[in-house]
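To begin, one chain is listed below as structure tokens, in the form predicted alone.
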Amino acid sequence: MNACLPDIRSAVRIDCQGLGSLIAAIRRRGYQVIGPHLQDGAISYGPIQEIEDLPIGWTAEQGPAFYRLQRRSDSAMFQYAAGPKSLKDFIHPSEIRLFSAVREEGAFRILPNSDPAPRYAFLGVRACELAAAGIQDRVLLEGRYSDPIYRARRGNSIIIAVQCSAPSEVCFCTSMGTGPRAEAGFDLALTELIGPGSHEFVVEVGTQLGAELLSEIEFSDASPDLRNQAQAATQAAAASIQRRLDTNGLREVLRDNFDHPHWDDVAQRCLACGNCTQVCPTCFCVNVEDSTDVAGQTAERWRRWDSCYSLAFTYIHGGSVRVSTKSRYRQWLTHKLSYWHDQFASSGCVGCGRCIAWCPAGIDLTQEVAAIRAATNQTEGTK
């Protein structure tokens, strides 16, 4: 344990043993550590008890409708791109009981869900995910109505970010200005550096809580050379990202092409399965469902994720507003990249690429936008 408390925005060095000690220190404070581990053929977020639970020596290859685990030749723990789960799965959970009701003497007594918000410490959070959490904050905290479930879970969490140095083929965070380097929004941020005979981390301190956590483990000052290596790692990651989304005037391009024939082309490929909304770290739509037991003595109200791809999502008075797959895909894409600006003063996309990798039809929103933009430019050029 160090007697000194590192300054906020300072950078220190820890080794693998130090990372294990950091996980233990967080758990001693009563937090459940949620970090990357191997699950269902993917590197996904889940409970972490010790450093051995991390995906040591694993990475993943990603592409449109493609995700495959791959073995590395080293013992890296964080050299992979974003997996199927994000912070949304834990802070804005896929389902949660709002309340239950019990019949007593002919009347129902309401029993609110009084379970305390879990204390999560998220390890391995990427810059794109931090940006996504910031977007969800604007939607669920800073608007006219604040979601108490989200507020409690968000405020009860620790963020240990990891500076991304291994983006995948589907990443386009550089186009959205959301990565690969995290500049804020974290308590601590790690950069993993592996060299001949060395495996260490440069740790940036983001908050007072982060500094207090570091004070409970062994660390040393990060040398200028080590800090330069950490900076170079994320610069190299940014330079390696090839996928692009041209955001110049994009909200107007999509808004003005509501009846573009390319929407029909996408609809022939789209399965309307909603995978993209489930893995998207910013999609927030929910539905509320009630259920009762057969005897009519108890009832429960649950909140569950919903999707604009669901036919019932726009059900109003006997029918759905968006019946066709074309209309539902168009709603998702134009809301995410155009109308979101009107509602929340930002794009709803952070360039993580999850919607591309986990779409079973391999639909790539960057290509669909480029097709609409190209056709629009061609039309304007002939006027």
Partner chain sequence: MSVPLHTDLSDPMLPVAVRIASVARETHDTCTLVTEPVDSGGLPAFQPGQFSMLYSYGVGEVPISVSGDPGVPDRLVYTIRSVGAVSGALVNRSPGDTISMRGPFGSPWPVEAARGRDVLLVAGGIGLAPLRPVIYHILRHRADYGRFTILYGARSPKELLFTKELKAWSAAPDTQVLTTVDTGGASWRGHVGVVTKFFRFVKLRPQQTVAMTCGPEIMMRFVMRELDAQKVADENIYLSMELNMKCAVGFCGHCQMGPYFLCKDGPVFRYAEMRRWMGGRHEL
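Only a predicted model underlies this, so the values are computations on that prediction, with no experimental measurement involved. Positions refer to the first chain, counted from 1.
Missing here is the form predicted in complex with the partner chain; even so, the following discussion is about that form.
> Considering non-hydrogen atoms and a 4.5 Å limit, which listed residue (V288, A239, L209, A184) is close to the partner chain in the predicted bound form?
The residue in contact is V288.
> Which residue, R244, H199, R72, R301, is the contact with the partner chain in the predicted bound form, using a 4.5 Å heavy atom cutoff?
So the residue touching the partner chain in the predicted bound form, by this definition, is R301.
> In the predicted bound form, which of the stretches 251-259, 72-80, 160-168, 213-221 has residues with heavy atoms within 4.5 Å of the partner chain?
It is the stretch 251-259.
> Honest question, do R27, D53 and I96 all end up within 4.5 Å of the partner chain in the predicted bound form by heavy atom distance?
No, none of R27, D53 and I96 comes within 4.5 Å of the partner chain in the predicted bound form.
> Would L226 show up as a contact with the partner chain in the predicted bound form if we use heavy atoms at 4.5 Å?
Residue-level check for L226: no, no contact with the partner chain.
> Is P112 one of the residues lying within 4.5 Å of the partner chain in the predicted bound form, judged by heavy atom distances?
Flag for P112 set to yes.
> Considering non-hydrogen atoms and a 4.5 Å limit, does the partner chain approach R151 in the predicted bound form?
Yes, contact at 4.5 Å.
> A117 versus the partner chain, in the predicted bound form: is there a non-hydrogen atom within 4.5 Å?
Answer no; every heavy atom of A117 is more than 4.5 Å from the partner chain in the predicted bound form.
> Can you name the residues of 137-168 that have a heavy atom within 4.5 Å of the partner chain in the predicted bound form?
Counting only heavy atoms within 4.5 Å of the partner chain in the predicted bound form, the contacting residues of 137-168 are V139, L140, R144, Y145, S146, D147, P148, R151.
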